[in-house]
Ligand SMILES: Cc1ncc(COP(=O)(O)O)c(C=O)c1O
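The data below hold one chain only, encoded as structure tokens and taken in the form predicted alone.
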């Protein structure tokens, strides 16, 4: 088995996420307590949780949970859903089932590292860079030029991590038609779907609009419930789902039964959760904009399309790496510098950093960041 490289983002978080005083780069929405989630439950849902049998669960996921997940799609049923222990297990399974050593994969860059490193551990891969001068959009002609006869998979992620960009609908549909023409699967990391400022227009879920589309979802990001560790892939191709289910026997085997009950409650009450989480974004996003307007000499900022993340440019003379390091070490403010999104498939965006605005406590973090900037001028 190929040895995978160090996972830069997760290693950075392992060092700082629970030590830094101000976590200003989180990609998930504000979490709630177990009590708050159970307070949303109907009496029947609460009884299902309280009476949960603590044995093994079905590898595909509980049938009623899969039905609940399917209800968030336009055209899917429970048979089109396979549950995982978080989204990362789904990413691992999809790449290892679809690709082999003779395959070729396409990956948008920058991206979450496993979307690049897992296909590279199996076969050749080509990076398709998003264009920072075009709102981090995707050049469909560049995708077409990169396709080979053995291209089997393309991985995309909108709303995008780390920029928050959402691909224009016409380009999205053009990409689907291009992949349909060549028989290429699309793994769409949709874990931020539904999250963004009020009125955000999200793309159709790929499993609904493409017969070879794999919709990756999870309770961690838009729902703000990462502790549940419940993810899923929806796909019209049930043979691919079956192959991934058999691979899951080597991984988690099955999901946590209590987490499945809690995930069902969350998804049944997704409108309430998303309304709450997007209201936090509505409150926080203008604060970041005002902050950057006070420091135009140091930052270039474009308001993201969706999710609760942005990827501004830092223009200070010391560079973003030194800025982020001094910020966390001296003032306890955690950001993700651009080097975290290093890619072996092209150029890494320089002097950018990821910030978040989906959690409470932004005012204190911004004040600490402002004080740090002023004291170092």
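The structure displayed is predicted, hence computed values, not measured ones. Positions refer to the first chain, counted from 1.
What comes next is about the form predicted in complex with this ligand, which does not appear here.
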| query | What is the one choice in 299, 112, 172, 288 with a heavy atom within 4.5 Å of this ligand in the model of the complex? | reply | 112
| message | Can you work out which of 31, 68, 57, 27 has a heavy atom no more than 4.5 Å from this ligand in the model of the complex? | response | 27
| request: Please run the contact check for residue 87 against this ligand in the model of the complex: heavy atoms, 4.5 angstroms, yes or no? | output: yes
| said: I'd like to check something about residue 189: if you look in the model of the complex, is any of its heavy atoms closer than or equal to 4.5 Å to a heavy atom of this ligand? | reply: yes
| task | Determine whether any heavy atom of residue 152 comes within 4.5 Å of a heavy atom of this ligand in the model of the complex, and answer yes or no. | result | no
| task | Flag residue 267 as yes or no: does it have a non-hydrogen atom within 4.5 angstroms of any non-hydrogen atom of this ligand in the model of the complex? | result | no
| Of these, 126-134, 219-227, 238-246, 278-286, which stretch puts a heavy atom within 4.5 angstroms of this ligand in the model of the complex? | 219-227
| message | Where, within 134-158, is there a heavy atom within 4.5 Å of this ligand in the model of the complex? Residue list please. | response | 157
